[in-house]
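Quick heads-up: it's one chain on its own, the form predicted on its own, in structure tokens.
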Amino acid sequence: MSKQRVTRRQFLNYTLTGVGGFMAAGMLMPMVRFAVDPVLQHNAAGDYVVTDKKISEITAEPVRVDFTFEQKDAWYTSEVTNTAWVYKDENGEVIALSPICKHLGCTVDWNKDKANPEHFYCPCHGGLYTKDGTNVPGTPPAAPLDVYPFKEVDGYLALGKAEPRKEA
């Protein structure tokens, strides 16, 4: 222990600073909790959204599948509609492609360009993708279309969040 004595003024200074600190912490903690709480909330919903498309009805021709899910941003909840181009490849595997062009984010459409049949076409700058979503060299897109992971839920197609191609 120090041999210096604490004066009354120092004692009051220490006491008031400590009490003031506790009071400030007591007022700030609810505000911090209010700001941080939505970020820490665990979302019990799954990562996959069930669509109205039956797996048995999917053919080799790409079809547009719209699906809606609820998105929560902090305290705001909204309903979001996404789209996928879905078909079965020659091995019978389901392929689900994002319709968002990798050039400028426009929406691609299947088999709409008369000059390039059997391709995904981006009308914004003439971007082309093959049926499997690979970008055609010499056209604006620099990467292939993103793919949706999928699974079957009671015979229906369920799609996850679109992911970039691993080989891209």
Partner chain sequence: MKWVANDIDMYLGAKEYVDTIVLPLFPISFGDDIKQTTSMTEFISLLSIQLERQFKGRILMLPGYTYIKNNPDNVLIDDIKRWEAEFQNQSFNHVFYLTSDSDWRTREESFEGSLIWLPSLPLESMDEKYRNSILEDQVQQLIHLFVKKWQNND
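Bear in mind that the values here come from a model prediction, so they are computed numbers and not experimental data. So that the term is clear: the rigid core is the largest set of C-alpha atoms that superpose within 1.5 Å between two forms. Residue numbers count along the first chain shown, from 1.
One more form of this protein exists, namely the form predicted in complex with its partner chain; it is left out here, but the text below deals with it.
- Although its partner chain is omitted here, in the model of the complex all of N82, G105 and C124 have a heavy atom within 4.5 Å of it.
- Not displayed here, its partner chain is kept clear of K54 by more than 4.5 Å at the level of heavy atoms in the model of the complex.
- If you fit the rigid core between the shown form and the other one, you'll see the Cα of D73 move by 2 angstroms or more.
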